[in-house]
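In what follows, one protein chain appears twice in different forms, each by itself as structure tokens: structure 1 and structure 2.
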Structure 1
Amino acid sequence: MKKSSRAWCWAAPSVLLLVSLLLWPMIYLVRLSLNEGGSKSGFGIGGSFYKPGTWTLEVYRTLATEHYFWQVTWFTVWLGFFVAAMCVLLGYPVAHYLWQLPRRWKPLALACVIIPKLSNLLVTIYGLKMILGDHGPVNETLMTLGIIKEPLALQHSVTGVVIGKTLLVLPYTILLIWAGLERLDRTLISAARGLGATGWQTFSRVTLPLSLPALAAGALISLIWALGAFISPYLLGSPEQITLAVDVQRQMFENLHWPRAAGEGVAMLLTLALIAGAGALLRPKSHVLPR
């Protein structure tokens, strides 16, 4: 057997999986968005979700001219950027802190990041719903201290959505930036200190510039995940806080207009591709040492 054909034998299972479960469904998604919507009868019972074999741009025409869709899209993008900014602002110091921790404490601190990341997201949201509720510990404490008189609307509000989404994305940001810092050559830090730099100078002129690529990667990935926000707006938001992801689910299961759901999915992918493309162009070059 030729060497290259043996390589393809090894590659075959994953290629098969990716083609049938990623490439084909994505192509089919675009195709689906070009179908006519199905006829609705009753609650979709007896009707179809779309008319197979039809070709129309109707879905995109509707989306482009619809105020509601643009409103949802803008909220999604705004929330994505806001949450990503929060994640980077909170995540970088924590990643830096983890990196500097003595060996003994590292596993414990890492567990605090990894357990929420791998646990059921619903448990986090469920805990948050109780903590942020009108009679939850946050409102109770603030009222006991006399800082507020009425409980704050931390749930069913944009505040709740931002807090929830930030907590869900933050572990990814921390882990990515921390992994970048761990790859960094620690002798450079000692060298800077040995040459008389203060702690702040070492950070701002050595550590920070060297970790910029990891920081950029962390920011971009937080943004990608934040744009797909579904669970937190659904459970912690009010009906005004609808993201594209929430609306896709509604179009699919409540409105039963599959071509429209597919069209919104395509819109989500395009938004992501646009942002990822811009991010890749603006990415700081690695190996840049400060003068």
Structure 2
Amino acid sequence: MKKSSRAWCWAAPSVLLLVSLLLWPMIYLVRLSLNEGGSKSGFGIGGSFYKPGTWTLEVYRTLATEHYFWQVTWFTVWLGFFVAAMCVLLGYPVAHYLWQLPRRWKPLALACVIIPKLSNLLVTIYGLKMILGDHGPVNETLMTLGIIKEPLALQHSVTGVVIGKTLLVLPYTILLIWAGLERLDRTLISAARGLGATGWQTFSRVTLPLSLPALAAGALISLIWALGAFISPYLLGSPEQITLAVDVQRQMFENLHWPRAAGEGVAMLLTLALIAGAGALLRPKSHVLPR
């Protein structure tokens, strides 16, 4: 068997999995968005949620001219970039600290980052709701210290959504940046210090420039996760501030307009593809800055 044939045989299961579980559902999603709405009610009772066999661009014409859709899209993009920025700002120092730890302490420190992701997502969010509630420990502590007189609106608000989504995405950012830092040549750090560079000069001229690809990868993954936010906005946000993922759920199960939900899903996929493509093109290369 030729080398190329063996490579195809090894890749066949993965290709089949991607086609069956990713490509085909995406094609079906596009086709569903081109159907007319069924104008029926009740989870399959009394008819279909769409009219099979029909072809129309009505959904996309509606989305292109509807202020509500663009408002939801803008909030989704804004939330994604803001959460990604928060994850990078919080995650890089933690990843840098993990990188500098002695080898014997790294497994324990990494476990502290990973273990929260092993808990049930709903348990995490509902626990966060209790912590951020009007009578939760955060507001109670601030009121006891006299910093505030009334409870802060930390849930059912943008603040709660940002806190919740940042908490869920941050471990991925930390791990990605840490993995990039682990690949750095530590002799360059030692050489810089041996030549008289201060700690800050070594970080700003050597460590940070060399870790830019990992930093960019962490920011891109954080952005993609945040753009697809559903649980945090759904449980911690307000009805006026929802993401595209939440609106897709509403269009499907509340308005029973599956073509509209599919059209919004296609719009979300296109947004993610554009951002991922731009991130790949603009990804920085690692280099040591000159004096």
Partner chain sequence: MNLRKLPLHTLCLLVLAALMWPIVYAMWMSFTPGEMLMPPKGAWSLRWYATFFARSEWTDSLNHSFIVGALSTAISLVCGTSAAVAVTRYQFRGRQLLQSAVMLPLFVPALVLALALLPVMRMIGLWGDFLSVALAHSLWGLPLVFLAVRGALEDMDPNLELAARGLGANGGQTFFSVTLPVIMPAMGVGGLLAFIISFNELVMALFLCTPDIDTLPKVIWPNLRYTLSPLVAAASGVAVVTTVLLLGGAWLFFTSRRKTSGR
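Definition used throughout: the rigid core is the maximal C-alpha set that superposes within 1.5 Å between two forms. When a residue number appears, read it as a position in the sequence of structure 1, where counting begins at 1. Predicted model only: the values in this text are computed from it and were never measured.
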So which is it, 1 or 2, that shows the form predicted alone?
2
Quick one: once the rigid core is lined up, does residue 11 have its C-alpha move by 2 Å or more between structures 1 and 2?
yes
